[in-house]
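One chain follows as structure tokens, the form predicted on its own.
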Amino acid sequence: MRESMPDKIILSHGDGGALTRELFRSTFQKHLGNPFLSEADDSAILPLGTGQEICFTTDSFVIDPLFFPGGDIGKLSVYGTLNDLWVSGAKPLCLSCGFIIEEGLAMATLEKIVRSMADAASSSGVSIVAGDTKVVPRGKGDKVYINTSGIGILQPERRMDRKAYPGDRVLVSGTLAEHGLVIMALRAGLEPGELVSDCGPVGSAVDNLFASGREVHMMRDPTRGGLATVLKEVAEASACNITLYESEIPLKEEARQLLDLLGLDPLYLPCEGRVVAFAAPGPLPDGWIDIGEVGSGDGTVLLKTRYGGHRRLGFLEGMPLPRIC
């Protein structure tokens, strides 16, 4: 039986898991629902009336700390939105940005963030063409929050069914959990050592997958809620079952050590520069790893452990990860 929604917003509403999903359904979809919003995908695909379609996406970034090994809130805000466009099959065109800045933020800090955004956008071949700033009184914010929105042209040869099918393989574009691990280690007062956030662009990984000739049915980026939550969302939306193989899940050794130290599950930690794809069998491009398969079913996700047992995976619950992206 579904638990009733809390009568006030709690941190778990923002972790990308079960409560986030219920909040979307019970409040936002209830009042704002339309065919585009109801897809609940990384980008909305909108017809232009000219035979072309655009992808439109928006995201807000509230990470703590603002700067971390491998990135910062500025870099994260640009790549986070561009990645949503890339995994939707779009060629990004441009971005907008909105800043909510707390009174007292050092100008040098703000300039460092904006410079990082400029570098990330320039390296990806896009421009930030519109923006807004608001300043809130000291104590009414937490340094700076950023919203970015992006528009891209859907490439017809990359239009996907946006669902998985029995027989598909589950692929990931690299090692997992590094962004979430780095942030959680810093908050725990631990040095992540050589481990850095995976914050970065996924455009080249997406290009390689399509260039391989495989029939790609769906792609997602495993941000809030991590890999397990993405798989559960896809399994339910596609009315299929997914089996994930623990022995194939790619983790760096430094990540394994931190996971043991912090007692965290890598399947529920966010990535900010990785792709999960559901594709028909075929050649495996460089950098991509086959970690599971799709079968007929009713939305169940099972992890086949390295010891031969099975563990049922669901949405992230009871593990709040606030200010993670």
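If you're wondering where the values come from, they're calculated on a predicted model, not measured in any experiment. Residue numbers run from 1 along the displayed sequence.
The form predicted together with a further copy of the same chain exists for this protein as well; it is not shown, and the discussion that follows is about that form.
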Candidate stretches 225 to 233, 128 to 136, 247 to 255, 166 to 174 - the one whose heavy atoms come within 4.5 Å of a further copy of the same chain in the predicted complex
128 to 136
Which one of Leu264, Ile291, Val276, Val62 is close to a further copy of the same chain in the predicted complex, taking close to mean a heavy atom within 4.5 Å?
Val62
Option touching a further copy of the same chain, based on a heavy atom within 4.5 Å in the predicted complex, out of Ser96, Ser123, Gln155, Asn208
Ser96
Decide whether Gly104 counts as a contact residue for a further copy of the same chain in the predicted complex under a heavy atom distance cut-off of 4.5 Å.
yes
Gly318 within 4.5 Å of a further copy of the same chain in the predicted complex, heavy atoms:
no
Should Phe67 be counted as a contact of a further copy of the same chain in the predicted complex, where contact means heavy atoms within 4.5 Å?
no
Touches a further copy of the same chain in the predicted complex: Pro201 (any heavy atom, 4.5 Å)
no
Using a 4.5 Å heavy atom cutoff, which residues in 51 to 84 contact a further copy of the same chain in the predicted complex? It's fine if the answer is none.
Gln52, Ile54, Phe56, Thr57, Thr58, Asp59, Ser60, Val62
